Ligand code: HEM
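Heads up, the chain below is alone and in the form predicted alone; it's given as structure tokens.
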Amino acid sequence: MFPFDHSAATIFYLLLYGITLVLHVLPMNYVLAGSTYLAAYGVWEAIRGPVESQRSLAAVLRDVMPIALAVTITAAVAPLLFLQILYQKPFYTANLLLFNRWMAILPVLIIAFYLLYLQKSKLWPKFSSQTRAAVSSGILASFGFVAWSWTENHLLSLRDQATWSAVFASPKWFYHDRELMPRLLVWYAGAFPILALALAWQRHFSDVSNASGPTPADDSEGVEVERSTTRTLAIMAITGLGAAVVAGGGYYWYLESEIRIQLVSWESAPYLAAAIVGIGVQIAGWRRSLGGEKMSRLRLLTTSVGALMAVGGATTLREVRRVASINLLDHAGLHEAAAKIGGLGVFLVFFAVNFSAIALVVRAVRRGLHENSPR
């Protein structure tokens, strides 16, 4: 069963790559779907005026998005490094030469980063609604370009060396592949359930922090806003899951027959099953919230498990598709040699130090929030 049908060194790197890729995908989903929500909200606000039931979600997203983008970019480093060890192709190094197509994502991300901070600044409410909508739409366009470029580049890496060498040498700005749009749609649709779940957790912790504050018994308008927000998250999650399933089915039929067979073979079946079960668990978790019922901690935990199953299964199937195009057995000796290089002890020491530092920061922030919460 994939990836356990390889050598110990290859399995080690495949597992590390898969785990770190999932850790990148989760915040990436938050950023991509969150920027879409803010752009849609900004356009709606410019045309029809603010929507009270959606204002709180937009405010939370504007506050968190810069941090989410920083986490997304940082978490992308590890899987890229493991990728180069696994596949040993000069393709990944040659990307550095492609400023107009690949490295262009860096200035685009820098601009988007500053615009995200502009969204949460004190200047933001002073802009006209049309200007705010234009800025939010520009941020979405930036992340859309990065997602397009990343997908385009990944698909090019799956082709033979003659194909990507010719593309690198040509003056063309884009590489066209029949898999690009269906593949991009799968990941784009799947981003919204993760965003909805993350926002539900943020609301849950906010409620816990403010539990000791005053709660007016006659605040019927506030209760209705809460129900409307919950319904929005449930609709966002279930619609995203349905769209991801449809897009995934369409993408499957775009693939070559040999790859389709590989994706439903025995070695892939557990991950396909995990993705399907994970989607079902998420739909079951969100179904009751369609009526406005808030997610309890138990349902949040259960739905989160379902989300991890779906993302983990889909991410592994993504790698199965790559392995169907690139023979890992050709690089088994290189994996063995890389595994013998020292440094694991140093890595584990610094991992423990950094993990402890982050845990202390989180603890200090939570304590500060609790001490400053209304009594």
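All residue numbers are counted from 1 along the displayed sequence. Just so you know, these numbers come straight off a predicted model, no measurement behind them.
The same protein has a further form, the form predicted together with the ligand, not shown here; the description that follows concerns it.
Proximity to the ligand in the model of the complex, taken as a non-hydrogen atom within 4.5 angstroms, holds for one residue of T151, T230, S268, Q119, which is T151. Just one of L57, A39, L69, V311 comes within 4.5 Å of the ligand in the model of the complex, counting any heavy atom, and that one is L69. At a distance of at most 4.5 angstroms from the ligand in the model of the complex, none of the three residues L199, M236 and W286 contributes a non-hydrogen atom. In the model of the complex, A307 stays away from the ligand, with no heavy atom inside 4.5 Å. Contact check for Y17: a non-hydrogen atom falls within 4.5 Å of the ligand in the model of the complex. Interface residue remark: F143 is counted as part of the site for the ligand in the model of the complex, having a heavy atom within 4.5 Å.
The closest non-hydrogen atom of L32 lies within 4.5 Å of the ligand in the model of the complex. Only one segment in the set 236 to 244, 183 to 191, 269 to 277, 121 to 129 has residues whose heavy atoms sit within 4.5 Å of the ligand in the model of the complex; it is 183 to 191. Shown without its partner, the chain has Y17, L21, H24, M28 in segment 1 to 28 as residues with a non-hydrogen atom within 4.5 angstroms of the ligand in the model of the complex.
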